[in-house]
Every structure is written in structure tokens, then in C-alpha cells.
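Taking the form predicted alone, here's one chain by itself in C-alpha cells.
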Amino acid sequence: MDLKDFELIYTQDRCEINDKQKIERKIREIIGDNNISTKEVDILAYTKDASLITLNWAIQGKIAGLPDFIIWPDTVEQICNILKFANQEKIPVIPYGEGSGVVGGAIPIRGGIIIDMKKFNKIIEINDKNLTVTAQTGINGMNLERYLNAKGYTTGHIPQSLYISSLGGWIAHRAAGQFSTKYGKIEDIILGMEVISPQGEILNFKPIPRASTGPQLEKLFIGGEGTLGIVTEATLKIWPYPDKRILISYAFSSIDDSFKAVRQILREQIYPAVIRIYDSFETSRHFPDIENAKDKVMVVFVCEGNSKLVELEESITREKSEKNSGIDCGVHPVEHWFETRFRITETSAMPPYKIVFDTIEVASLWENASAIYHSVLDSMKKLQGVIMITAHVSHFYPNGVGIYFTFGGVPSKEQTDLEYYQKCWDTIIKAVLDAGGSIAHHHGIGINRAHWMESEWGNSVNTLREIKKLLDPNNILNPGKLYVDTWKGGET
């Protein structure tokens, strides 16, 4: 294998490192010979994240980005020293959890050093009185949850990527799990953390349920996608493992009816741990054997917790569903969801057929949710080559929703797969913005959405740029992410 034989997709801003041998010797001095690799097999493994188009590229002999060094630090001090050295040499540094991101956030588009956090995998303490767990951020999500479950607890944070994602990745992308309607998203769960600044300084934000001590500076690093700091340790809320779980499903005539039913449930301050709405296209794909759901919209609910509370949640969930003409479909659809909720085999099946395929999650207030759904489907159906556009809704609030859109299509002969991929993304995002929605719910910005941040944030993007320049004057930490970045760093 020779990496020179691969076509590099993102090349325009690659940082050329002078005297790599000198740089490598210094890195080895900092972290030891066993914690660094420049082997081509390791370099290749870190050229991408889990963005679905990178599967196509791998088959075609293409790679998204090319790092220069892969390192696995053992200590906070090693990371601090690596960052200080990278500032001296103006070398990009990309924090890496488990590579399960899907918007290009971990792709090393300017080369540099990948800091893989996997050795930061210790659970430090469970505090029963405070109902907290403190852990290092390189820990695998499923390993953390299994450990807690064995002790009688749960974080309630169960993303589809649970088996292949890390605590640090959740924090970097403001992640949301499948049980988020009850337990909240990562920004609701995290209470405190330790962060290393881009210049190698340690920042500590002590765990506290709430404080009036000035602006919440720590919130900068939740959703910062590794551009503003590297989170090394975090304290999270935990909950006693639920006593009881009830499974419920209903089929509705339209997505608008399902929206109305769920909105009415949440208005009563009833929060099923899981709510998932599948539009009629996804219902036919996932639940073809449910007779009552033919040509309808399936909604599954999971209520869990204290037995008495769960029974009340079930009663009101059924009442509001039936009030809006929902048809009871029993427990089988929810059992099927539990059995298949971590399977992503469809995504790996697309590249051999040369299909460009992806999912895009967006956010909306209730008043715009139906308009966004219909607008996206109408816009995508007009786009040449689209063979599939479906939706499901899996995150809910009394005030709005997070909607997933899944598309598949085949580019014309005049288009590259990247050009077509970007066209599909842009078509969906524009339709969402035009209908009053937000461009991302929980996967983050990365590369895919960066050029839409001006539309999303307006002039506030300039403030974010200024914060980045203040914290990271040499622009070394995961450059080129979150927003369109032409600034090279080191400029006054």
C-alpha cells in the first residue's frame, strides 16, 4: 500500500510540514515511542470519520484527508505539551474519539497530528448521593453504560452510535440519545469537566447543578467540535435504573396527526423516554408486517421509570394518541425497534450500487415542523437522480422537534459523487431554513454544514471567529470546522 496512490479529496488547505523527522523526534520525546505511529496502515485508518460518502470513496481509492502523525497520549500533561509544541511549529491538531461522527468533524483536512483519546478510558467515581459519574472522555459509550447498569444506574444517554462513540465525541458534537425526551441531551446531562485549551493550559469547571457565577464559559466547549479545547474528563448526571418499562405504539393517518398527538402529550408534562415517528415511507420499510400501519405513520413510545409514574405516562399517552385517531398497534413494533436500533447495515450496502446516501437531522419549533417535513420532501423529489427521501422524528420537546431526513440518489454523468452529495445536502438545508428550521439538531457542523453557518447564525459567526482567535491564535486545533475558515492563524 502506498498512500500516494490514493486521490485526496480535501487538498486546498493542507499544511505542509517541514522536516517531519525532526517533528516526529520531538513528539516521541513528549509521549514516548509506543504512543505514536506514522505507519501507512495507521495513517489510512484516520483519514475519515463515519460520513457515509467516505465509504464510496474508500471503494474508489479516494481518501478525505491525510494526517501526518497518529498519537495516543496517556496523560493530560502529554496533551498539554503536544499542544504547546504544535503552537510553536504551527501544526494542526485534531482530537479523535472513535470516529463515529458523520459531518466530517474529525477529518484532518489540513493534515497534522491526530490525538486519539482512547487511552483516556477510566471511570473515576460514581457518587450515589449526588447521582453523578465522573469519567475520562475517551471511554467508549457502551462500556460506560454497561458499567453503570451493573451498578444499578443509567446515564439515559443512548445514541445509535453507542457501541462506536465516546464520551468526548458526545460533548464535542452536542449529542442526543434515543431516550433524550426523558433524560435530556448531553448538555443537560453534563455537570462539570476538565478542558485543555488550544495553547495547552488546563481549565477546570467543577461539577455543580447550577451556579450564578458569570457567563457559562464551559458551554463553549460543548458543541465546539474540538476547535476550542480538548475535554479530558467530565462529570455527568446519572439515574437509578428504571423499575418498569412499558412499550406502546400507534399508527396515524398522517404525520400531521402524529405531530399533534405527541405535542399534546408533552404539553401535559408527560415525557416518555422514547418517542419515534416514522413517516409512511419509513413505516412501510421498517414495519411491513403490521397490518394496522399499512400506508400510515407509525409512532412508538417507551415509558420507563418509577412504576406508578410509568402507568400514568402510559394512560395519558394512550389518551392523546386515541384522541387524534391513533390506532393501537401493540408492543411488537417497539420490540422490533429495540432489536434493530443499533443496526446500520443499510449504509454499508449503498456504495457497491454507486448510490449516494446519507441522513441529515434538523431542528424545528412545533409551528414549523409540518412545513419543514413537506418542504424537504417536495424539494428533494424535484432533484434529478433522487430515488429515496424519507423521514423520522426521534427527539421531542414541549416546544419543538428534531427531524431526520434520509436520502439516496445517483449522480448524473456530469457530476462527481461529492458534487451530487453536496447538492442533496444543500437542497435539504435550504428547504429547512426557508421553512423556519435550524440546520442541525445533534450531529454538529463539521465540514458538511460549515458554509451554512452564516445563514444560521448571522453576524454571531464573527463573534465565534473572534473567540477562536483569542483561544487559538495559531489556529491549530481542528482548523476548518464549524464555519468557513480562510484564516490560517498567527495573524494579528
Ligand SMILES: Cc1cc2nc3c(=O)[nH]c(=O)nc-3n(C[C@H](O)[C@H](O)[C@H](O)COP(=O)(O)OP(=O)(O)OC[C@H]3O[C@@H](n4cnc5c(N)ncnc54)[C@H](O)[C@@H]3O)c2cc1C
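This structure is a prediction, so every number in the text was calculated from the model and none was measured. Numbers follow the displayed sequence, beginning with 1.
Note that the form predicted in complex with this ligand isn't included here; everything after this is about it.
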TODO: Look up in the predicted complex whether G326 has a non-hydrogen atom within 4.5 angstroms of this ligand, and give yes or no.
DONE: no
TODO: Find out whether any non-hydrogen atom of P159 is located within 4.5 angstroms of this ligand in the predicted complex, and reply yes or no.
DONE: yes
Open item on the list: Even though the partner isn't displayed, in the predicted complex is C424 close enough to this ligand, meaning a heavy atom within 4.5 Å?
Closed with: no
Open item on the list: Residue-level question: is S166 within 4.5 Å of this ligand in the predicted complex, judged on heavy atoms?
Closed with: yes
TODO: Name the residue from D358, E225, E304, D279 that puts a heavy atom within 4.5 Å of this ligand in the predicted complex.
DONE: E225
- [ ] State the residue from A234, A369, M117, L83 whose non-hydrogen atoms include one within 4.5 Å of this ligand in the predicted complex.
- [x] M117
TODO: Name the stretch, out of 369-377, 211-219, 90-98, 315-323, where some heavy atom lies within 4.5 Å of this ligand in the predicted complex.
DONE: 90-98
Task: this ligand in the predicted complex - contacting residues of 456-489, heavy atom within 4.5 Å - done: N478
